[in-house]
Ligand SMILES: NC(=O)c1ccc[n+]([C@@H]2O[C@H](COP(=O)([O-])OP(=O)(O)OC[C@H]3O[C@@H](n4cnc5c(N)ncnc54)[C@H](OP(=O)(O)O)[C@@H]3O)[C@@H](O)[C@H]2O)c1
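One chain comes next, on its own, written out as structure tokens in the form predicted alone.
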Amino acid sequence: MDLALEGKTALVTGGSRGIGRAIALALARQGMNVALAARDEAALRSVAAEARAAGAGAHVHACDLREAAEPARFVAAAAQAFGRIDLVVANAGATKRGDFFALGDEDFADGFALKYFAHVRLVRAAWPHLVRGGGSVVHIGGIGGKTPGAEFTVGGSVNAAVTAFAKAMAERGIHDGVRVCVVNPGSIATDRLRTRIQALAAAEGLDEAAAAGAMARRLGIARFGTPEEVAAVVLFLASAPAAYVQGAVLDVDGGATRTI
């Protein structure tokens, strides 16, 4: 299947590790140039080297996207490096878990600053480029935005806002020729998930393997997903075969979300 991505350019936030890294490398293997943003420059350069080894161009933009001017700077740097922008993957963002009454305003503000407001600014800055090339945006949200939990009040709220923003921009995109969709990962085997497994292991006196199994059973899934499985869905949404997919919200969660 021809995905029609070769020679195009993708912006990937949070591209230094985990899901973002897997997405960037999947796009690079399809011949897309990748512009990568995150705070860890060394990790970004490592991913960029892998992308170049796959035959793609790569640009590194180490920054804190919570700073209001950085998303536009990232867009400008990517456009200067590659001359075009065809895809924005809004992936960066981690939110704090815990008892709502132990979380402060600063925890909510920090969660929204990176995963929501930074990507609102990024989409605003990249939109004219996407219009010119008939490009697309893929937001990486999370299933907590559809099925929030008591320990995930920050993340659930942020992910719901991400979905609402994406749906609104998908309507605008119908007129402007830009596709906008959302991918909601469930429990994906990243460093963040391993931290949660280790916490469960410590709390219940289990080894990590037993804790991982216990967590999966409590979530009602057969196993945890991989970053590459999320990347495969993003790859499809960015591609020519997905040309009629607009405003879609796709759960990649092993069946954890049972609501409609």
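Bear in mind the structure is a predicted one, so any value in this text is a computation, not a measurement. The numbering used is simple: start at 1 and walk along the sequence shown.
One more form of this protein, predicted together with the named molecule, exists but is not displayed; see below.
Contact check for Arg66: a non-hydrogen atom falls within 4.5 Å of the named molecule in the model of the complex.
In the model of the complex, Glu204 stays away from the named molecule, with no heavy atom inside 4.5 Å. Taking the partner from elsewhere, Asp40 is found to have a heavy atom lying within 4.5 Å of the named molecule in the model of the complex.
The named molecule is not drawn, but in the model of the complex it has no heavy atom within 4.5 Å of Ala78. This chain is displayed without the named molecule, yet in the model of the complex the stretch 140-148 from 140-148, 78-86, 172-180, 127-135 comes within 4.5 Å of it by heavy atoms.
If you take 71-92 and check each residue for a heavy atom within 4.5 Å of the named molecule in the model of the complex, you get Asn91, Ala92, in sequence order.
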